[in-house]
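Take a look at this one chain, the form predicted alone, written out in structure tokens.
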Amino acid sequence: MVVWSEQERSIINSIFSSLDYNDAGPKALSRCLIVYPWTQRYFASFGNLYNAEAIKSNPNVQAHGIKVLHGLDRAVKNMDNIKATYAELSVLHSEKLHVDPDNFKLLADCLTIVIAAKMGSAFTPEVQAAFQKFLAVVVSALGKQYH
């Protein structure tokens, strides 16, 4: 079980309460698909992913990026039981979609970059530590089915 301080809970809630899902989600997923092109294999049904501009303007990428961020809302609301919260998603991604669990970490890193760029100097080391701890717990929960 993960122990969260009140400061960490406050930081995570603050980040998500001010997050523009329609901006950050597509940017994070687009960045992941561009920087780590092998991740594109899971999105063959999304159509044109042939270059950075195509990826950034692809409506399926944008919609899925938003969906992923809204999926993180579940973790924010259930910080004391993130593993159970993502049990079904872990099964889906491992058994049906066959997603390499390392890709969850890559997407988390891309999301961290997008959030850091948006927050600027407010993305202090303390904020980063809390945010990356949160994402590490989510990544672990999504990868649980693989173990």
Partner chain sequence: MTNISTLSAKDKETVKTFWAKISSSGDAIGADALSRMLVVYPQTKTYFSHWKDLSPGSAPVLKHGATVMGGVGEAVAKIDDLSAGLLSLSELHAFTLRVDPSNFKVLSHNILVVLALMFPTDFTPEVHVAMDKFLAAVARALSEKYR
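Numbering follows the first chain given and starts at 1. As the structure is a computational prediction, the values presented were derived from the model and not from experiment.
Form predicted in complex with the partner chain: not shown, discussed below.
Between 74-82, 58-66, 29-37, 42-50, the stretch whose residues reach within 4.5 angstroms of the partner chain in the predicted bound form through a non-hydrogen atom is 29-37.
For Thr124, a non-hydrogen atom is located within 4.5 Å of the partner chain in the predicted bound form, even though that partner is not displayed. In the predicted bound form, no heavy atom of Ser14 sits within 4.5 Å of the partner chain. Interface membership of Asn103, defined by any non-hydrogen atom within 4.5 Å of the partner chain in the predicted bound form, is ruled out.
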